[in-house]
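Next up is one chain by itself, shown in structure tokens, the form predicted alone.
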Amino acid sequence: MTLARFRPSKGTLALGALSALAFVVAVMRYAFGLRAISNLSDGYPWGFWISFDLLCGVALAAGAFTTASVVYIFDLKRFNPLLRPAILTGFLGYLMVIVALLVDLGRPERIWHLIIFWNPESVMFEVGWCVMLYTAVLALEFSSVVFEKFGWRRLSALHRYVTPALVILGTLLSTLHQSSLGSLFLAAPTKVQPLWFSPWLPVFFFLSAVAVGPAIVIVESFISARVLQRGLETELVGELARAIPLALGAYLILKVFDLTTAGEWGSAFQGSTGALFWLEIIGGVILPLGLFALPSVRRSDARLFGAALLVIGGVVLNRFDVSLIGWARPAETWYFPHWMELAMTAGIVAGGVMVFGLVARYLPLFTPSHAAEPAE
């Protein structure tokens, strides 16, 4: 396709406009500081960007390590058609997290200090290194698509040889930083509401990431099948969805055990925090657990998509509850994100969606089985 023939769709133009707006906001942030584009303050130094762009972004990129683990560690090669899109989604997700952090950090020009000045006693040091290394691993895992596109056979052969080691390393790094993001809040036991604070927070963060990984793959497959006019492997994604009830079930059992031993069930019936807790547990855990356990749901594209959205919504709500909504603040302070904070996030996500579309158009992202049947 030549540039002269390129005719962007209305959706592409809208995504481009959001990305352009985000670029303008980023320029304003670097020129005038965070105060010019955000409602962050001493009472709320962590706002929408940390809760959504970082905590949710890392969790929602979990489809890469879960799918790669299924294919290579558990040797279930029949899921291979889902792997490349999952890795691309995860790679773009981590890139978007990094871009958002560069905007949010008070001194973004010093981010390289993490490499030189080590502080192994800091949870953030471990998270930073894991994210940096795992992003590099994802880039290496995805490089096979580039090698295949340009016919670099020797590099493709080398890549196939080292891929199992990359997947094992990526799974290890993902396990470390998915759980360590929960460990971060263990340093502030009096700040997080009792319904969400727990010494088990690292395990909760990891289990929810494992559950949301296949859900993201389902949503990505469903949307790309319709937008790109390709077939959806309903049988494959339905079989992958079998793992979701296991992870959600383990999460639910541990959550009930934790609240019971801590004696905090009374907080679950108090005011708005109790309502948010039940919305998260019923809508994001119990309901999708039951739905994904039904064969009729796993055989239906629409039902798979709807149940996956419930899991994603539950994880997003949980991250907000732990880091922002359920975070104790001075009574006289309140925070609602500035419209530029929202615009920044929307623009970053829009950019990621556009890159995914370009890769899908010009690189061999999908195996032949992806395009076997047109989407209905």
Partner chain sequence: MLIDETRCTGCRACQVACKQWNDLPAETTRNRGTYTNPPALSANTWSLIEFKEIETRGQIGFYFLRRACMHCEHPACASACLVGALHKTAEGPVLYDDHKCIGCRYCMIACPFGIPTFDWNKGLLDQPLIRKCVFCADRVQNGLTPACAKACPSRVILFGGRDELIAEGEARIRQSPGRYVNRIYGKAEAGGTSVLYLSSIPFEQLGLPRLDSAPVTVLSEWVMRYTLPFAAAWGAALTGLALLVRWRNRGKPKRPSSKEAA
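These numbers were taken from a predicted model, which means no experiment stands behind them. Positions refer to the first chain, counted from 1.
The same protein has a further form, the form predicted together with the partner chain, not shown here; the description that follows concerns it.
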Item to check | F257, F269, F125, W152 - the one with a heavy atom within 4.5 Å of the partner chain in the predicted bound form | outcome: F125
Item to check | Of L34, L317, A350, A343, the one that lies within 4.5 Å of the partner chain in the predicted bound form (heavy atoms) | outcome: L34
Checklist entry - Is there any non-hydrogen atom of F142 lying within 4.5 Å of the partner chain in the predicted bound form? => result no
Checklist entry - Contact between W46 and the partner chain in the predicted bound form at 4.5 Å, heavy atoms? => result yes
Item to check | Any non-hydrogen atom of V297 within 4.5 angstroms of the partner chain in the predicted bound form | outcome: no
Checklist entry - Heavy atom to heavy atom, is F197 within 4.5 Å of the partner chain in the predicted bound form? => result yes
Item to check | Location of the partner chain contact in the predicted bound form, chosen stretch of 86-94, 211-219, 103-111, 257-265 [non-hydrogen atom, 4.5 Å] | outcome: 103-111
